[in-house]
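Shown next as structure tokens: one chain only, the form predicted alone.
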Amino acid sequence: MGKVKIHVVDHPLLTHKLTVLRDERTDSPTFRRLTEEIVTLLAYEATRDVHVVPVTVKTPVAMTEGKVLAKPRPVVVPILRAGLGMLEGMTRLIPTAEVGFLGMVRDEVTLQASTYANRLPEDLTGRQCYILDPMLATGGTLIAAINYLFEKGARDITAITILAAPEGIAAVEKAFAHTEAPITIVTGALDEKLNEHGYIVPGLGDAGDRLYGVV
């Protein structure tokens, strides 16, 4: 029986950047740049189990054994629209990763997530997938995204979120309590709770609006 692994990244640089990100006075350009930097720090932790294969290379001095990323390459899946703000920070760390896109929208009344767009490799069999979504709030969007990737054959999924609420983590754990495939959630902070509107408290507001302005 599978168990969802939760990793809250604890690093003073990350805490510093998160604090500025939360501040309501932080403007969109700064918010975007900080998001990129935060994601690179989170991605460093999230990719500890990325698949590698041994290779031999010749240095100017001698032959040596090393490792490179295995094929098939990992797939990075930002969830539109706010997940797009995380893509640059992730691909800076794994430039060779393939990028797929998933558009998920949450019904504000039922809080249920549905897919409105996808641009993914048709077959994800045996692929490691990294989902990017800034906020793990109710968990509905992430659960739907993970199920969608599993249906396409993914076998190993890591979600990278900037903030997470305990309710969202509990929902994901419950949804995948009997799943064999490994699932990991890597987050920058575990916040206090959700409010009655499904927003994370203290949180940072609407990540999409703060990245791109109100649409």
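From 1 onward, residues are counted along the sequence shown. It should be emphasised that the depicted structure is a prediction, and the values quoted were computed from it without experimental measurement.
One more form of this protein should be noted, the form predicted together with uracil (URA), which is absent from this view; the next part is about it.
The closest non-hydrogen atom of Glu192 lies beyond 4.5 Å of uracil (URA) in the model of the complex. Contact check for Asp10: no non-hydrogen atom falls within 4.5 Å of uracil (URA) in the model of the complex. Although the partner is absent here, Met135 lies within 4.5 Å of uracil (URA) in the model of the complex, judged by heavy atoms. Residue contact with uracil (URA) in the model of the complex: Asp206 places a heavy atom within 4.5 Å of it. Only one of 83-91, 135-143, 118-126, 70-78 lies within 4.5 Å of uracil (URA) in the model of the complex by heavy atoms, and it is 135-143.
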